[in-house]
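Consider the single chain below, provided in structure tokens and representing the form predicted alone.
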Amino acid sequence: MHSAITRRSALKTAALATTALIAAPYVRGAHAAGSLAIGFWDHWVPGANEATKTIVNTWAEKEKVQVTMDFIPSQGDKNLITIAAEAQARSGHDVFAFPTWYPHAYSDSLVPLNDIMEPLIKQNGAVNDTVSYLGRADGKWLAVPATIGSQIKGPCSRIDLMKKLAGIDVQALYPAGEKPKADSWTFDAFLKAAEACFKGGSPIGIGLGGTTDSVDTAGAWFNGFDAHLVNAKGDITVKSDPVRQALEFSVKLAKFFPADAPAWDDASNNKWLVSGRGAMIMNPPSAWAVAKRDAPQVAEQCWTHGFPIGPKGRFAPFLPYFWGIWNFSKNIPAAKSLLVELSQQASAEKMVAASGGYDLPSFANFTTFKTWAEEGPPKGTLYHYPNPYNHQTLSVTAAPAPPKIAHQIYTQAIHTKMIVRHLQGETMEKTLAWAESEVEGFMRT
């Protein structure tokens, strides 16, 4: 097993040929056999990679396949560099873990997976619209949604501070083991809570920078107003009333964020929570997990729950990972067999447990694993993290624009830049004109 990989070693890795058919449960044939090289995302939860190794090795022994696993970190974009290098060289791993936008970015180099995704959906339940939007193109499934790395970036609230400063009992809104009782958890209620927490000296910690945590949250505010910079047809809709409403609300709210919020990166909100200064952040449970280790008095007051509802609905930021197969792989049947195995309930449940509840399977039937009910302190703190009652729509910033345009809007952090520009005194119309110009440029590239 390898724990890391360099760009050079990625280019040298090559899969060998096979003559077998896809394995159970859909097309049972001979053992897959041959060799298979897999590039997984290197999990930052200690021990999470070990569960993946065990699942793959058990499958490999049964199917008589020689496997090589590389766990490639996302720090410094090493995984993205490896993806680009392998696609260019048409050599490397057989199976690779692709972040949110990358199945579309490399669609011409991926094996269509309808033959395994359609049976998996029948077996495991439907996937949400965001997974379909990101994982399909022209009727073809480009990749299988991965359990490892997929996450919802919803509110992680301090139970005590939200009660004391904002008068909100988040456990009553989202009781462990029960359906949400959150009709009162609206954008207006959130705005009032943010102001109260700010005045009380414990601001809600939401960034306005250019990295994913900031962009994801900004997109959820816009989705709550049905505000889109580009629609599904590819029409630019920046100068629309919903966008104006979303921007106006976002700026009102941003006035109650920490003063340095425009400079925050993806570590800033985690540090804010663990420091004990913040009443809430928007994040998967990784920040809470760090607090368990470094600041247990903070962790025992944390409660992960649903997003507030806006005028047009309740939308939570969702970033799925995918597993795809390069079309230059020499062992596509074995690769498909492995993806089927990784997408079984038993496999997903082991991955979720190993990540302490961080990882999220995308199939509808996989939202009630015992890990989320039992993790603590406090027990039940993650119960509502996987959206078990379909209480909110899982969304991604810049959708429903055509994915290759949305990817640029997302990567260039247009939503947070709009908020910061208007927050710093630029007029609404000037900010909209700037955003429209930026999007027009994406259309030409």
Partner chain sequence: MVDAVISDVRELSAPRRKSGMRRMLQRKSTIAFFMALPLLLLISLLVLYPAFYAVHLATLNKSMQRFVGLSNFTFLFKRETFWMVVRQSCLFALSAVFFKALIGFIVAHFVHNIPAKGQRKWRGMLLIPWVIPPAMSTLAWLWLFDPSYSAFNWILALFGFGPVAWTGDAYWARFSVILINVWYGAPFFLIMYLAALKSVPEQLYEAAAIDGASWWQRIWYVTLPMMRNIIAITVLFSTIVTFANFDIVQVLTAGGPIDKTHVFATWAFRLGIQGGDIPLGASVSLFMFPILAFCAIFILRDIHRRGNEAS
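Just so we're clear, the structure is a prediction, and the values are computed from it rather than from any experiment. Positions refer to the first chain, counted from 1.
FYI, the form predicted in complex with its partner chain isn't displayed, but the following is about it.
S.K.: Using heavy atoms and a 4.5 Å cut-off, decide whether Asn57, Trp59 and Ala289 all contact its partner chain in the predicted complex.
M.R.: Verified in the predicted complex; spot residues all out of contact, no.
S.K.: Given that the partner is absent here, state which listed stretch (389-397, 414-422, 60-68, 37-45) has heavy atoms within 4.5 Å of its partner chain in the predicted complex.
M.R.: It is 414-422 that comes within 4.5 Å of the partner.
S.K.: Determine whether any heavy atom of Thr427 comes within 4.5 Å of a heavy atom of its partner chain in the predicted complex, and answer yes or no.
M.R.: Taking the distances in the predicted complex, the answer for Thr427 is no, it never comes within 4.5 Å of its partner chain.
S.K.: Check Ser275 for me: does it contact its partner chain in the predicted complex (non-hydrogen atoms, 4.5 angstroms)?
M.R.: Taking the distances in the predicted complex, the answer for Ser275 is yes, it comes within 4.5 Å of its partner chain.
S.K.: Do Ala189 and its partner chain come within 4.5 Å of each other in the predicted complex, heavy atoms counted?
M.R.: No, no contact at 4.5 Å.
S.K.: Does at least one non-hydrogen atom of Lys350 fall within 4.5 angstroms of its partner chain in the predicted complex?
M.R.: No, Lys350 sits far enough from its partner chain in the predicted complex that none of its heavy atoms falls within 4.5 Å.
S.K.: Tell me, out of Phe257, Tyr102, Phe225, Tyr133, which residue has a non-hydrogen atom within 4.5 angstroms of its partner chain in the predicted complex.
M.R.: Filtering the options by heavy-atom distance leaves Tyr102.
S.K.: Name the single residue among Ser184, Gln88, Asn114, Gln297 that comes within 4.5 Å of its partner chain in the predicted complex, judging by heavy atoms.
M.R.: That would be Gln88.
S.K.: Using a 4.5 Å cut-off on heavy atoms, what residues in 423-445 are near its partner chain in the predicted complex?
M.R.: If the 4.5 Å heavy-atom criterion is applied to its partner chain in the predicted complex, 423-445 yields Gln424, Trp434, Ser437, Glu438, Gly441, Phe442, Arg444, Thr445.
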